[in-house]
Every structure is written in structure tokens, then in C-alpha cells.
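Given next are two forms of a protein chain, the same chain in both, each as C-alpha cells and marked structure 1 or structure 2.
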Structure 1
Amino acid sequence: MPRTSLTREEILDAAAVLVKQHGPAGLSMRKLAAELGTAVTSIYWHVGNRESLVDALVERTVRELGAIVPRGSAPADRIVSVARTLRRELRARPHLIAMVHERGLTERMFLPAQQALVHEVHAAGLRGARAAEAVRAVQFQVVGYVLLERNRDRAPVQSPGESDLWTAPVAEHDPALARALARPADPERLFAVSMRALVESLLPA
């Protein structure tokens, strides 16, 4: 029994489910075929190969991300809010981040925020190359952070290594610092601090 006309869309849907459940490493052409009740080779006819399947999935997921609405009245606040929202949206889709990494499609993750950022940076009075630089600096910072955080989340064990360095000379003079470094970092706060610093240095005084 052949089943009713396999479509590209149907394949993407099933692939999205597999990725959501087991990550991109859990997306195999064979499991996908099993899920769809077809031969593996049928999938190749529709999507080419695994790489372009993942590319298509990334494309679709980015399109789902929805436009970002800035909040606040001061230009710096509005830009920081765009950064914060972008980070939140991306972190809410760890499979997207993972797929983007697998295929090296970082730029795609930038798109939903770029429109909003261009607008805000323009409103803050930046023009031309300086405006472009500001947009990119914010984008890079957000995506860099998101990649880093995703990486930390996947740490196999709560890394025990950081503390043992802190018998080191300097830290002995400053036990509060040693203790603070022994505690796990607060990425939320670090993100806020760093982003605020960046935005304030980018905007015209």
C-alpha cells in the first residue's frame, strides 16, 4: 500500500518532530522514513539529501520567529529590549540553534532582529556605516551569547574545574572573589550588563 502522495511539506513536518524530540543528531533519514511509512529513498527524491533537509528546516524555523517589537522609550532601552527579546526567542528554540550550528547558518538567526535594529539605531540618530556597525555589534553579541549558553547547557557534568584554580595567589588575598568564581555564573545578568555597556558606547552621547 503506497500511501497518499508524500509531500515535501509533510517530510519537513515529520523532520521537525524528530528534531524537537531528539535534537538534530536524532534526525536520521531512516527514522524519518519509518515515521512517514515510506522507503528511505523516497525522501531523497523530495528533499535531495540530509543537508538540504536541515537547511530547509532552519529556514522554516527562522520564518516562524515572528517580528520583534521594541519596548521602552529611550533609544538605548529599546535597542536593549530588542537584544533581550532576540536572545529569549532563540533560547526558546534550542533545536534551531543546534541545527544552525550543524550547518553553519548563523546569519539566518540574525534576520528577525535586523529590521527592528535598523529602525531603532536610525531613530537614535546613527547613519550610514556607523549605523550598520551598531546593528551588527548588537547582533553578534546576542548570537555569540546564545551559542555560548547553549554550549554550557550541554555540559556533560557540572564542570568541576573552575574552582581548583582558586588556590592561586591572587584569589587568596580576596576570598570573596574566590568564592564568587567558585559559584556558577549568572549568564542572565552578564548578558544584561554586557549588552547595556555595548549599546551605551555605540549610541551618540
Structure 2
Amino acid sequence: MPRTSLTREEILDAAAVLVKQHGPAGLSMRKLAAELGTAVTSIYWHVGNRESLVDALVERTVRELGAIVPRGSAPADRIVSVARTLRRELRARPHLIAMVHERGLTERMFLPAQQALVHEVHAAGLRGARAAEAVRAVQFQVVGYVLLERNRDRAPVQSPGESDLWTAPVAEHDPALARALARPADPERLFAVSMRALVESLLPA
């Protein structure tokens, strides 16, 4: 028996899950209705047609990306916290981010994070062009890192892999370096280290 009580947010939640599992092409009103145990007409009544549903998903994604709250006491800590949250949010919803991009709303999506960064670089003493450069450097580092991570996630198994390639002679006879590079990279730690180095180089001494 079809469900009689259904909210717009429940529909958007289920639609987001379908997009995450199957990509934007996998989102159809029929699949969504089946997932929710309701009639297609009920979906239309709450959110309109598929285009309206996609628009609503995009708008919600933009809002969610805007809810970034800096954490920490020192300016560098707070900037790094914004970067880490932005990376986590982008990683969590790649297909939804792609839909935002297709709708031409990427710049709007990033604006709240940029504003949070502006506030923090101002607090650190930067103004004008140097502040703008710092904000964009952090944003570009985050986006570039996420894209690299996605490419690594989707890459085929490498043969030979890093564990086979890195030997002491290749590493200029630095055995500890060879062992470290032969181990899988720790994306979380690497991001934190690289972002910290970038931020500290941008802020006033």
C-alpha cells in the first residue's frame, strides 16, 4: 500500500541517496517512488517534475556547503579547519557536486566557505590582494586535492605498485625514505600537513 504521509525533505534525502549510489543518470521519478514506497504522483505533488527535483537537490547541496564553522583559537588552526571541513563535504557528495557544477552554481556554492576564509585571514592581519590570494590558494588546494583523491580512488590497480618501485637505490640510498614511500599514503595526514604548510606560509609571521 502506498505511503500517505511524505515530506519534501524525505524525498530529497532519498533522491540524494539514489544520486550517490547510481549517479545523476540513475535518478528517475519511478525509482524514487519505489524507494519511498509511494506513487509517482505523490513525488510530483511535493517537488514537481524531475528538473524541479534536481534543482531542489542542487539548492540543498549549496546550503549544506555553506554551513562551515571554523574551529580552533589560532588563525592558522581555524583556516585549516575550514579547509578540512570543505574537503570532507566535497568528498561526501561527488555526484551532487557535479550536478551543482552542471547548473552553473559552483561559484555560489563556494562563496560561504570563501567568506569564512576571508574572515579568518582578516583576523590574521591580511588585507586586500594578499588576503584574496590566501583565500584562493586554500580553496584551490582543497579542490585540487579532492580531484586527485577521486582519480586515485577510480584508478586501476597499479602493477608494479609503490611497494615494488621504491627501493633504497631509487630513493638515493635513503632506506627510511624508501620504506615510507613504499607504504600507502595517508590522505588525511597528508592533507593536514600540506594545508598547514600552505597556510603558515601565507599568514604574516
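Residue indices: 1-based, along structure 1. Just so we're on the same page, rigid core means the largest C-alpha set that superposes within 1.5 Å between forms. Computed from a prediction, not measured in an experiment: that's the story for all the values here.
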task: Only one of these is the form predicted in complex with the DNA, so let me know which.
output: 1
query: Aligning on the rigid core, do we see the C-alpha of residue 195 shift 2 angstroms or more between the two structures?
result: no
- request: Answer yes if the CA of residue 77 moves 2 Å or more between the two structures after aligning the rigid core, and no otherwise.
  value: no
query: Core-aligned, is the CA shift for residue 44 between the two structures 2 angstroms or more?
result: yes
message: So with the rigid core superposed, the C-alpha of residue 177 shifts by how many Å between the two structures?
response: 2.9
query: By how many angstrom is the CA atom of residue 53 displaced between the two structures after fitting on the core?
result: 10.6
